[in-house]
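Shown here is one chain on its own, the form predicted on its own, set out as structure tokens.
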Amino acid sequence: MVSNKINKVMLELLGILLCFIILIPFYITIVNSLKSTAEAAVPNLRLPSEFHWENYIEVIKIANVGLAFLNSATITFISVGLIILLGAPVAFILQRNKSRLSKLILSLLLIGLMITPSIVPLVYVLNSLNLTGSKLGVILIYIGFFSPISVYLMHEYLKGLPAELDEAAIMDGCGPLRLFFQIIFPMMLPILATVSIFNFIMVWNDFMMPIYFLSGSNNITLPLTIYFFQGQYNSQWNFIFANVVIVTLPVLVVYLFAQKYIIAGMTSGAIKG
């Protein structure tokens, strides 16, 4: 009994220690974003001698953060929304339909999880569709990349919803669309939240696709502002850290609001799976 209590206390102390270790990079980023250029030249853990909140205003002006935020939000919300709206019905049909064709389609989707992005074919395809340099082209790329894992997660979650529910709804006169959107879709809320947050973080923070496939200063996204800002002011680490905080803040806010749904989706999937 005593040894169990000691083990519990040790695990709690280990958890607290790991939390501190994880928070150190956040602390360094925030602290150094509030220093003068001279103080932030060598990033460290020390508090600034004077807090320079104006660093954030300078970064917002110089890096055109307003336009970049609008572009990132447009690309992210449309991509995530379409992944959910298109992926959820596909996952439902594949899970409920036990035919060989459904199994084949699911297998093809799983192959998509193992294929790494290749730039050259994407360039060729976008050129053929006349979508190079456009937000629509990047949105379609994100839908193609993240749909396989999203459909698979929703497919596994739907195993926990009994098929008798569908039969009862059909007996009550539900058509296919009403069955899915009025009964099944609301019951998928935990896994939809999990998939949405996962895709939101991946799309929002992505640096590679915008730099390859978006052209012009009007299409700049938030991650790209760090790249261009660093190129122009590579010795002004206080501005660079402030820019990192601005880019990270929306993801952090979304995660804090939706974390309970993420945990619910993961735990329900684990229990039912």
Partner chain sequence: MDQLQKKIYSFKLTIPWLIIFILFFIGPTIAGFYFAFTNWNLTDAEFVGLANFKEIFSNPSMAGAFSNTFTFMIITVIFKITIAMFLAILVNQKLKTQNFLRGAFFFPVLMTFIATGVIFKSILHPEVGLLNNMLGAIGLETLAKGWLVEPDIVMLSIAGIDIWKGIGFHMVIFLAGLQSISSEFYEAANIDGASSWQKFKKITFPLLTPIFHANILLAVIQGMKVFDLVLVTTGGGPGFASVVINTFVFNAFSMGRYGLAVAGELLLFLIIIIFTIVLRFFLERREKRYGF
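Residue numbers count along the first chain shown, from 1. Basically, rigid core = biggest C-alpha set you can superpose within 1.5 Å across the two forms. For clarity, every value in this text was computed on a predicted model and none was experimentally measured.
The same protein also exists as the form predicted together with the partner chain; that form is not shown, yet it is the one meant from here on.
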(request) Answer with one of T37, S215, T29, N64: the residue that has a non-hydrogen atom within 4.5 Å of the partner chain in the predicted bound form. (result) T29
(request) State the residue from I93, A73, I183, L189 whose non-hydrogen atoms include one within 4.5 Å of the partner chain in the predicted bound form. (result) I93
(message) Is it the case that N44, even though its partner is missing from this view, gets within 4.5 Å of the partner chain in the predicted bound form, heavy atoms only?
(response) yes
(request) Answer yes if any heavy atom of V195 is within 4.5 Å of a heavy atom of the partner chain in the predicted bound form; otherwise answer no. (result) no
(message) Test of understanding: in the predicted bound form, would S134 fall inside 4.5 Å of the partner chain by heavy atoms?
(response) no
(request) Examine Y157 and determine whether its closest non-hydrogen atom to the partner chain in the predicted bound form is within 4.5 angstroms. (result) no
(message) Using a 4.5 Å cut-off on any heavy atom, which residues of 14 to 40 would contact the partner chain in the predicted bound form?
(response) L14, G15, I16, L18, C19, I21, I22, L23, I24, P25, F26, I28, T29
(message) Would N32 count as moving between this form and the one not shown, using a Cα shift of 2 angstroms or more after superposing the core as the test?
(response) yes
